[in-house]
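In structure tokens, the next block holds one chain alone, the form predicted on its own.
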């Protein structure tokens, strides 16, 4: 970051902030979300059983974050409050991932532009519809929003993970196949990730009003050994 009191051009200041945020995010482990038939699997490398990277936001919406935990957890809480308020004022059906992603984009863009230190975070907002169709949005530290198709990855070595997901994804994936694909993509060819090092959750369209389900270590282990 540039020292206070020294003149720098606006372009250089934005570049310094972007480099600072990217370095912080890249030091963390990756998180990936993959669409399967009737749902979305969200898988993160996370050995902690209490500091969650993946959480429920609303009935059919999930949140995933990488980077500084305290910063993306603030965003998670803000998202829950936004969704609850909108659902109360209008109806539960009016709460959707696109509007939530836009809210996050405004928050992160405002902080990136006006604060001295940008948030060192990257987040995913996922939604599963009643008919099984999925929506995935990736929001970066500067407020940039990307509408992803079928899969996405944030944090760590995301480019390599995305390549492996693209090679293995198919439209007929079921839940267990999607989880195995995502874990293998996160691990790469040179290592193995055990269930105790993973945080796995799914959004399942056939789970009633609340679609979010968190899988425990025993369930993940059973999936991985198939």
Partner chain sequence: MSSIPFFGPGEDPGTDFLTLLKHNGLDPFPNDLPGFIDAGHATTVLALRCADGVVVAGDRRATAGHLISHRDMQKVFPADDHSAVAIAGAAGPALQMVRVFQLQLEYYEKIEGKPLTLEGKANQLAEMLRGNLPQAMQGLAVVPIFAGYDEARATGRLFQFDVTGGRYEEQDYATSGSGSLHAGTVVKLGFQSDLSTEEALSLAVKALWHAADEDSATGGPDPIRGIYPVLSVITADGFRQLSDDESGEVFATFREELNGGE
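As the structure is a computational prediction, the values presented were derived from the model and not from experiment. Residue numbers count along the first chain shown, from 1.
Missing here is the form predicted together with the partner chain; even so, the following discussion is about that form.
- Segments offered: 167 to 175, 184 to 192, 56 to 64, 24 to 32. Contacting the partner chain in the predicted complex at heavy atom distances within 4.5 Å is 56 to 64.
- The partner chain in the predicted complex comes within 4.5 Å of a heavy atom belonging to residue 92.
- Put simply, residue 84 is close to the partner chain in the predicted complex: some heavy atom of it is within 4.5 Å.
- Within this chain, residue 144 is remote from the site of the partner chain in the predicted complex, having no heavy atom within 4.5 Å.
- The partner chain in the predicted complex comes within 4.5 Å of a heavy atom belonging to residue 74.
- No member of the trio 7, 18 and 114 reaches the partner chain in the predicted complex with any non-hydrogen atom inside 4.5 Å.
- Residues of 94 to 108 lying near the partner chain in the predicted complex, listed in sequence order, are 100, 103, 104, 107, the criterion being any heavy atom within 4.5 Å.
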